[in-house]
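Single chain ahead, by itself, as structure tokens, in the form predicted alone.
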Amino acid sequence: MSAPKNTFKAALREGRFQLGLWAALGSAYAAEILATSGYDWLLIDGEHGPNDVPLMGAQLGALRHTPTHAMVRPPMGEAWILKQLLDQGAQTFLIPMVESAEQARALVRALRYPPHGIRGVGAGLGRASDFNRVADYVTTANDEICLIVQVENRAGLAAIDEIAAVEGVDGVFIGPSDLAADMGHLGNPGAPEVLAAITHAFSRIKAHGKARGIMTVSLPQAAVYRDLGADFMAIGTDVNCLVAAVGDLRRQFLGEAAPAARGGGY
């Protein structure tokens, strides 16, 4: 037996658009509900969501036998936490605040077994190898790892060609909110200057044959990003969906008008 096939990575290679959603509630139960809602992938957010390794591991388990692929974003791209998440069964990673090719190459090595990387050999203790039931896991795991690096400031944009050219980087994800803040447009990721920067970044990423990703909670903005060529995109979060649903339910019952849209940090 081999390592499980990474359906998300295969879809990107085949040029099939992948639609996703953010999971930030830190709940395996909520993640399971989201994973049976028709999305291609679900981002388990350990950067801004209240998630530690056990909680992220529980959500990986909840998604294990669903049609939705699990992507994990750790707080930062440190080898020690990547090692634990790998053994918990994560195959696709979104790493925040990548600013250089050197950083991207270090991430590639952290996610792969020697001689191509520095991942420790201990997956027999975890879900990744089906608790040591997958005999060929260690010899096949590298091929199923998908690394998405997140570029979200001017330093990352300046190095976009070098980052996208790194072998082992499968895609580059633009973080519009942090990018907008770094460009002087805090809270306004739709600013024309920010959109121009994203457009340029998308063209450079495509030139290197890598997948282009992005996230927004605005459907009109999502349509813009899709037209720009986004290969994978998240269009909401469990938090904003819950807030919208409970607010709408109350307002419908009381006959109140919906409030004006507000910025949500994406």
Ligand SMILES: O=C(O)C(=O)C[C@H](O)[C@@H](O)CO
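One-based numbering along the sequence shown. Just so it is clear, the model here is predicted, and its values are computed rather than measured.
Below, we turn to the form predicted in complex with the named molecule, even though it does not appear here.
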property: The named molecule in the model of the complex reached by all of Glu152, Asp178 and Thr237, non-hydrogen atom within 4.5 Å; result: yes
property: Heavy atom of Arg204 within 4.5 Å of the named molecule in the model of the complex; result: no
property: Contact label in the model of the complex: His208 to the named molecule, heavy atom within 4.5 Å; result: no
property: Exercise: Met215 in contact with the named molecule in the model of the complex, heavy atom 4.5 Å; result: yes
property: His48, heavy atom within 4.5 angstroms of the named molecule in the model of the complex; result: yes
property: Partner-proximal stretch of 144 to 152, 163 to 171, 112 to 120, 127 to 135 relative to the named molecule in the model of the complex, 4.5 angstroms, heavy atom; result: 144 to 152
property: Residues within stretch 92 to 107 having a non-hydrogen atom within 4.5 Å of the named molecule in the model of the complex; result: none
